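Below you'll find only one chain, the form predicted alone, shown as structure tokens.
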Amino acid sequence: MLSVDSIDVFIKSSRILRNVSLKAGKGEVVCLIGRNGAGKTTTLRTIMGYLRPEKGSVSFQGEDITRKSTHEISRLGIGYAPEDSGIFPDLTTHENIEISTWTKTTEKSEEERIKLAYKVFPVLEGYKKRKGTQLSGGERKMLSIARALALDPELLILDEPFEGLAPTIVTEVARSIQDIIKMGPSIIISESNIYHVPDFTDTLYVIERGEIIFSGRPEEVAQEKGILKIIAGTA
């Protein structure tokens, strides 16, 4: 589904990513975990075309998307919910969701896709007419994911979907992501808190100082004491 192959990324003169590689298969849930500043968001923004790698490549369903623009990448079927939610504050909840259906035509009608977004996040249906500025942090996170879901993506990228949320909201968002998984898309989640890694994760990648230092099943990382110290915040 997605292959990131040995990318190096610079921001101005600083090398942020070093030889980063990761893969997400069809229907898989992949979690990229690392401390703040480790390179998680840079990796996801590079996949989405906001940043260009100096070396390496990114491919989606066998097609090289390394040099494609963000809107071209979205139209191929990649939905993205950024860390800061990235919703349009002057638009209503409904308008934020609806706008995704204009980006890409799929087998599902606009109405079906909007209805599905509300089904996964039913709390948002009560806030249809509220503008982005009138939503709480947790509601904005939900709206960001709902908007990406309304694209009807084959791959969904979620940058720190649990960051800054109350424990009860974390549980609610995790449950909604589980519902999305049943619909079939592959999902990539970035997270800084090891304790927020969902139980349904298939593959775990750990990034530190711009390099992937572990890849494997989530339960395998428990055997790597040095890596566990880093991601548990004790190193």
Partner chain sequence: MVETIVNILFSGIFHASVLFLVAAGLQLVFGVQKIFNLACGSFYALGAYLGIVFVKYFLSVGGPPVLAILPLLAAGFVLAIIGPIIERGLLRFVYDRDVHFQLLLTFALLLMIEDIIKLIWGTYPLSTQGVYLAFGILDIFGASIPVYNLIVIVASIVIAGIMAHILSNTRFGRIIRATSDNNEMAQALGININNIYVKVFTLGTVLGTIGGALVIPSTAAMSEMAVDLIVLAFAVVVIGGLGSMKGAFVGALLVGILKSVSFAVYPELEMLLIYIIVIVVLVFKPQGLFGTAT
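Residue numbers count along the first chain shown, from 1. Quick caveat: nothing in here was measured; it's all calculated off a predicted structure.
As for the form predicted in complex with the partner chain, it is not shown, yet the points below apply to it.
Exercise. Any idea which of 134-142, 77-85, 160-168, 117-125 reaches within 4.5 Å of the partner chain in the model of the complex, heavy atoms considered?
Worked result: It is 77-85 that comes within 4.5 Å of the partner.
For this session: Have a look at Ile194, Val58, Val30, Met48 for me and say which one sits with a heavy atom within 4.5 Å of the partner chain in the model of the complex.
Result: Of Ile194, Val58, Val30, Met48, the residue with a heavy atom within 4.5 Å of the partner chain in the model of the complex is Met48.
For this session: Find the only residue in Gln178, Thr66, Thr201, Thr70 having a heavy atom within 4.5 Å of the partner chain in the model of the complex.
Result: Spelling it out, the residue with a heavy atom inside the cut-off is Thr70.
Problem set entry | Contact flag, Thr106 vs the partner chain in the model of the complex, heavy atom cut 4.5 Å | It does not: once the partner chain is placed as it appears in the model of the complex, Thr106 has no heavy atom within 4.5 Å of it.
Exercise. Might Glu98 be said to contact the partner chain in the model of the complex, defining contact as any heavy atom within 4.5 Å?
Worked result: Answer yes; at least one heavy atom of Glu98 falls within 4.5 Å of the partner chain in the model of the complex.
For this session: Look up in the model of the complex whether Glu112 has a non-hydrogen atom within 4.5 angstroms of the partner chain, and give yes or no.
Result: No, Glu112 is distant from the partner.
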